[in-house]
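Below you will find one chain, with nothing else, as structure tokens; this is the form predicted alone, and questions on how it binds or moves follow later.
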Amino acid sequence: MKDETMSQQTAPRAPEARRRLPDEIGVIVALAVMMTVIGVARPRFLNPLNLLTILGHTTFLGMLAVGMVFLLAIREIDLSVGWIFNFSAVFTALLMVAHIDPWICAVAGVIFGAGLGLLNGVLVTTLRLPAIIVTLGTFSMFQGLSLVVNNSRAVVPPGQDSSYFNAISAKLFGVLPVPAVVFLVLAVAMHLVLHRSRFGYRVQAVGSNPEAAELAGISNAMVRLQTLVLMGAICGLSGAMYVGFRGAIDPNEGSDFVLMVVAAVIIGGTPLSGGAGTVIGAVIGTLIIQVISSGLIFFGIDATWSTFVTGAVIVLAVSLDQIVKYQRTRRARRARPSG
């Protein structure tokens, strides 16, 4: 009798243990396998300096991916993120050229990015159009304005021996770049916001069921507005730090960011159907994209193939996501009591 009781008590533990596995386990394993395969074939790939270089290249793009998680969670996509990044960086650099304190310029760049996000949000909520339609227009608007104010030339701030440039270009413990540290801190903070805050709950509620969210007293329009402002502020932060790290901003830097940002978020496991998101997955997804690009170089393959491979990985990730959803739906239907 005791054995039967014990077996009944222990029987459910296996599924519960499986449920405790993080949602991002799949992409983490994929990243580890990918790095192992490339490392075995090209041992120099696993050189710590090369890995830190990959992390450095991930930083600015990864920040944008963190913000995009919130947008996909409400079933939206911002196509203008690359040019908000660029325009914010140009704005920051031009203020520095005007001999304003670089720290004040950096803060102004973040606020400027938030302002561009606010413009997107106001247009989306006022016109009642999907963000992907509105930002298709603001993509060109921000691009044109950025090219006008920088005269289609790189903006190089003076006085790069100041504390701001020294702080951003420094390495923690002599190894880890400061922008990478900020990126990781931002990712942790946004993970907590998405899963532990009222705002994160509202984002997931709106993305899961907008009608039910409205009935629960959650304003869909306000959540969309706040999310687009958050996206703009993160773009501004990334742009301001880019200027401090690189010491300049090229006129077309960021023009191709949107594809890689959306790819990183989808690869990381955030569904296009909304209602959920994973910031950690987006970070891993960004690393996967950078590992692919770096791996192609180590294998002597033309870097232009990286765009094709990234697209193929997106298709694979979306296909696997649909298969997993289908299998879950089938299991849920079978588990329902008949009659």
Partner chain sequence: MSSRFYRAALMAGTAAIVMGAAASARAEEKISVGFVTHAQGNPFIQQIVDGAQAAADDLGVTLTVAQKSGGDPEAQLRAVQNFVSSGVQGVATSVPGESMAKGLNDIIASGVPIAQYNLLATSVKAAYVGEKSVESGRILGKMIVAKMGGAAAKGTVVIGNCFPGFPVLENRAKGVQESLKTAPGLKVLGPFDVKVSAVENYNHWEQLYAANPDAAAMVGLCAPDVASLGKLNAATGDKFIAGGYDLTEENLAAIKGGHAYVTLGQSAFVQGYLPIALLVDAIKNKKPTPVGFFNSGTQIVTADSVDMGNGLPKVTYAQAQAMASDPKATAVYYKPWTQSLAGAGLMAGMKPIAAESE
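As the structure is a prediction and not an experimental result, all values here were calculated from the model. Numbering follows the first chain given and starts at 1.
As for the form predicted in complex with its partner chain, it is not shown, yet the points below apply to it.
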> Any idea which of 192-200, 110-118, 263-271, 241-249 reaches within 4.5 Å of its partner chain in the predicted bound form, heavy atoms considered?
Replying inline: 241-249
> Can you check whether Thr278 is within 4.5 Å of its partner chain in the predicted bound form, heavy atom basis?
Replying inline: no
> Quick one: does Glu76 come within 4.5 Å of its partner chain in the predicted bound form, counting heavy atoms only?
Replying inline: no
> How about Ser152: is it within 4.5 Å of its partner chain in the predicted bound form, going by heavy atoms?
Replying inline: yes
>> Is Val40 near its partner chain? Define near as a heavy atom within 4.5 Å, in the predicted bound form.
In response: no
> Are Asp23, Gln204 and Ser208 jointly within 4.5 Å of its partner chain in the predicted bound form, each by at least one heavy atom?
Replying inline: no
> Any idea whether Met34 and Val315 get closer or farther by CA distance in the predicted bound form, knowing it moves 3 angstroms or more?
Replying inline: closer
>> Since the Cα-Cα distance for Ile314 and Met34 shifts by 3 angstroms or more in the predicted bound form, is it a contraction (closer) or an expansion (farther)?
In response: closer
